[in-house]
Structure formats: structure tokens, C-alpha cells
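This document starts with one chain, in the form predicted on its own, laid out as C-alpha cells.
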Amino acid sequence: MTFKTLDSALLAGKRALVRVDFNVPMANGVVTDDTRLRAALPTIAKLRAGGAKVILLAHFDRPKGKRVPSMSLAPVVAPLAALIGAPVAFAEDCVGDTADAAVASMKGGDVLLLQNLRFHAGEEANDPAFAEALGRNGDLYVNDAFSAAHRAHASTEGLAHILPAYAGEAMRRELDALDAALGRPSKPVLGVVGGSKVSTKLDLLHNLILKLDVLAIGGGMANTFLFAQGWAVGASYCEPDLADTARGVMAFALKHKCELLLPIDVVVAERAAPGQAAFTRDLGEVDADERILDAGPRTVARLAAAMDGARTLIWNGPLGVFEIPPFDAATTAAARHAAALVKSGRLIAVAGGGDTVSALHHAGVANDFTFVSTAGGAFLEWMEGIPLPGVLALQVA
């Protein structure tokens, strides 16, 4: 796909409607994690440097089309202004007279944040009238919120058909990284998929098998595959009713010449709790009262060897219950090995998904991967091969 970027836009004096993701963690009306605010800074800086009037559109939480005071975006203003190093104005509505007046008072380089888009039912309904109302205050539209691109809402899809549409800097970086991972990757390509349930990742597995050379499966979902092969998994989390489905995935991988890596040893305990005695077991040695809670050291070594032979890695999901040591060992060791390969220039590593991001931070290597997506649902749908409305709307015909 080809997208227009801000490099080609005439910005001086223009009103730029910028869709950002400011759905940030808050406690008692205070932003507790400004990661998503920081992600918007390059686009805001580029627009300001070009003399544009920067009008930020965002949602917060799920007010379901009603004005909910506790879901106001007002608490974002002060921390955003501190990050920008300039004042940020705030309008108590995103359309209508209040928004119109706030935009009309702007000068080039000014920044304005409009109130929560989802206070209006027309946002999530992608109502053309609501999109038109938003569009009246803009000369161009910039989508910088890949994390919301899997939703066809007025501010993510509708506006792109009303105004000249551009990908923002964060959006461009995300799309470039995803293209490098699965669109036009350097081969061989290795995928790591973890998490608990096979049932939630069937579409993802099938799509990846068509694109990967090697696919490693870990986490609780690996137990279902081991069970399908006839191995005893004790008291582990497992979806025995999906054994036939798991065998079908294995056959699909064989047919499409994608090597499937399943655990060859595991770490077990009676409970997933701190302080539990943990043991490494070979397959076939798991007792009835034991739970598989992590991949074993031989499995990690084999995965590291697969990374050594790969040029591109895409990772979604931890290999074990990483939140509870010592069941973080496999995920941490594999993540650090991948990070070292990235640093040496031997590997392109792209990762995403909430648990994955947390696990990489836990391992201390989130900043060492080529790219780590915080997009959550949009990242997963992209991995599944689902077209994302907010991205398609930016495509240049």
C-alpha cells in the first residue's frame, strides 16, 4: 500500500485534524503513563514546525455516546503541554459552536485538544453527519492512531474520505515496521506466538503459517498442541476439545512448509504462585497434579537457534506465566537473545500485543527490539490478515 505522508503536505496556516490515541491510563484524574502522549509528539512537532494549526481528536474509555464527566480528556492537557513545551488549549466539545470558536481563535503552531469524541454516538457509528461536523474544522486530516485503525469510526475512517488524508509520523513508523515484518520481510522469517488459548488465535496461526518459515508456539496454547500429540499435560491449562483443531493446524503447517516448533521440555509446579517448587520435565514426565507454567531450557535453546538462523522475527505472546517468577525464565531468556541479535544487526524483531509488551519490559529489552507495537487489537487483527479500515482509508489509489 502507498500512503501520503506529511512530507508532501502544505501546512502553513492549515487546520490539521489529527486523530491520536490518548486513551491513557489514569488514576483519580491523573495520567499515570504518558507513553501514548509521547507517541504523538513527532507528528505534533512536524505540524507545528510547518505552521499548521494542530487540532487533536481522541477518545477516552467507553462513554457510549453520552457525556460522562469522569471520561473527559481535560486531564491530558497539562501533561501534554509539558511534553510539547508549549500551551495546549482545550475545548469542551469536539463539534458545534464550542469547537468552532476554539478553532477559529487559533494561530499557526497552536495546539488544541478537543473533548472526547465518544461523547457523541456518531463517532463509533461512523455517522456521515458527525464526520462532516468534525471535518468542517479542518483543511487536512492526519491519522496518527494505528491502535484505533481496526475500527471504522468517524474519526478513523469517515474523515479520511472528506479531507485530504495523511499518515502521521507514528502511523508511518508502525506501517513501515509491519511491512518489514510480514509484508516484504527479509527471509527466513520466524514467528513466536504465545498466550493461553488456541481458540482465540486460530485465524492468526493460519495466516502466519502462510507467511512464515518457522513458527514457535508457547504459553498455555502449546499445552493443547502437546495434548493433541498424545502427551500428558497433567493439571495444566488445556483445551482438549480443540485437539482435532490443533492437529489440523499442524497438518496445515506441514502442507505449507512452515516448520512448527513446540516445547520439547517444560517447567512445572503444582500452582502458579510465588514461592512454588518448580521442576523441569521432559515430555511424558508431567505428573497428574502438575501444571506446565513455562517452557524448559532445551526448548529455549532450540528457539534461540531458530532466531540465529532467521532474518526477521515477529512475536506475539509470552512463553510462560512471566508475571510470576521463576516462570518468566523462558520468555526473558528468549527476548534477551532476540534483542542481542537486533543490536548486532543480524535480526529485525517486531513485537506487539499487551502481554508481549509487558513481558519485553519485564525482560528489560523493550527498547532494544526493532519495533514494539502498543496497538493491541489493531496489531492482532493485522497479524490475522484482517484489513484495517483506518489504514485502508489512507491508501492512495
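In this text, residue numbers run from 1 along the sequence as written. Keep in mind that what you see is a predicted model, and the values were worked out from it rather than measured.
As for the form predicted in complex with a small molecule, it is not shown, yet the points below apply to it.
Screening G219, G296, G191, G158 for any heavy atom within 4.5 Å of the small molecule in the predicted bound form leaves a single hit, G219. When you look in the predicted bound form, the only residue of S147, N143, Q115, N223 with a non-hydrogen atom within 4.5 Å of the small molecule is N223.
The closest non-hydrogen atom of T43 lies beyond 4.5 Å of the small molecule in the predicted bound form. Contact annotation for S196: at least one heavy atom lies within 4.5 Å of the small molecule in the predicted bound form.
Taking the partner from elsewhere, D355 is found to have a heavy atom lying within 4.5 Å of the small molecule in the predicted bound form. Taking the partner from the other structure, the small molecule in the predicted bound form has a heavy atom within 4.5 Å of a heavy atom of I292. In plain terms, the part of the chain that comes close to the small molecule in the predicted bound form, with a heavy atom within 4.5 Å, is 317-325 out of 298-306, 176-184, 317-325, 73-81.
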